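This document opens with one chain alone, in structure tokens, the form predicted alone.
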Amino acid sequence: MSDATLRPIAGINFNSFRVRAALILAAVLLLGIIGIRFDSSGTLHKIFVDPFDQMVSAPDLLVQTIWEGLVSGVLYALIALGFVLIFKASGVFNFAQGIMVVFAALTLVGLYEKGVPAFLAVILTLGVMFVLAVAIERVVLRPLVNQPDIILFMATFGITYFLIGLGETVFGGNPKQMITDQLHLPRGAIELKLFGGFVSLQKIDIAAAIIASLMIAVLAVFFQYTRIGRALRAVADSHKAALSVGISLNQIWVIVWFTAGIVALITGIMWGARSDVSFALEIVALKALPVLILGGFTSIPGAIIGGLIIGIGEKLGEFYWGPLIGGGIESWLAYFIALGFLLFRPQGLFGDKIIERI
């Protein structure tokens, strides 16, 4: 065998994530085509062909499904942004972000039930989230400076169960209705005639997508172009270097935790308006974990792209492939997608690849 046959193909890096992903996709498609040819039961045909036939034959339903996934994806991205901000500032995954969504929404509804006007309740809830941010910095983070990351991570577990207990004690454990009308959030639906059918766009979903997108854009600009944003990036690069130039870690931590609280409140309002306000929202909020795995734990654009992939992917999976296994795909497909990314690109699409030299 000549040396030329042993050389890798010029210009192709087989260690590249894109090349490996393309090869795996091509292999799956090839195996699917071969399997369909010899599949007497028709099972593979139902998996690889029927869903795409449905997409082509009923494009209005495809648009409807993609729209619902888009809305969910934007809200997932908003939740993930709260995780990203805290991770960039402290290097710790904040497991408490999910319960913060629930706690903020419960506080808002609880204050309104006590007779506080709706918009004043929003302002007071923001005040509660600021007090919570200060308390977390003083009681939890400051004593644990320079401790191993696993210690801070376990501390966020403690914060989670503290907020669960506090929320149940103050507000009770029963689901509550979000004050949608009082906040002047829209109700009803818009019917669009597309592809020979109708696509229904819920007005609350439109409002949720717009508000969440604006929030993401404002935070991205704020942390990219302001003095506080530059300080945050410096803290993310190196705590010691940030301290050496006069940046206060304590102030930065309060700011990012308060910002995460604002994100939690907006997310709680939007999700609560689409369903209700209960502790089950914590499970929805933890969908941000596969979003972060896809996008990278330190990337704001990655949180956005990852949220859209997860949101649209799980809606398509539930609608077209769910009936094949009795439904329920939406509850676990996001984690399955994340597992695939962990196997081939652990740092995510936009995360920094860590290289350690000995």
Partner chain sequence: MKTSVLMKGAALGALLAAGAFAAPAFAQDSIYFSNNAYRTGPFAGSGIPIGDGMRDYIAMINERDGGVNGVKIVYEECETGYDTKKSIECYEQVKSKTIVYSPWSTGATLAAIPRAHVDKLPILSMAYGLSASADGTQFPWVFIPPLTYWDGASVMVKHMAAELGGMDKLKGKKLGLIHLDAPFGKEPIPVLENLAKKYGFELKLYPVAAADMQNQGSLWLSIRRDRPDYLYNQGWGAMNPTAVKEAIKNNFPINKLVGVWWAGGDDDARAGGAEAKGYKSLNFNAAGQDFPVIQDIIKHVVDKGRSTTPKEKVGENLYNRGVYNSMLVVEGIRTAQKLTGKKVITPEDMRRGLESLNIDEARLKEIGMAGFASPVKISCTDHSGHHKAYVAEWDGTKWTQKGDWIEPMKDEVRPLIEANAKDYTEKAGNWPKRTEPCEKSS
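Positions refer to the first chain, counted from 1. Bear in mind that the values here come from a model prediction, so they are computed numbers and not experimental data.
What follows is about the form predicted in complex with the partner chain, which we do not show.
The partner is absent here, but in the predicted bound form a heavy atom of S275, alone among S275, Q224, S248, S244, sits within 4.5 Å of the partner chain.
Put simply, of F83, W271, W253, Y112 only one has a heavy atom within 4.5 Å of the partner chain in the predicted bound form, and it is W271.
Using a 4.5 angstroms threshold between heavy atoms, F279 counts as touching the partner chain in the predicted bound form.
For the chain shown alone, T65 is a contact residue for the partner chain in the predicted bound form, at least one non-hydrogen atom being within 4.5 angstroms.
Among residues of the shown chain, D149 is not one whose heavy atoms approach the partner chain to within 4.5 Å in the predicted bound form.
Contact annotation: P175 falls within 4.5 Å of the partner chain in the predicted bound form, judged by heavy atom distances.
The partner is not drawn, yet in the predicted bound form one stretch among 166-174, 227-235, 209-217, 258-266 has residues with heavy atoms inside 4.5 Å of the partner chain: 166-174.
Within 4.5 angstroms of the partner chain in the predicted bound form, the stretch 328-342 places a non-hydrogen atom from each of G328, E330, S331, taken in sequence order.
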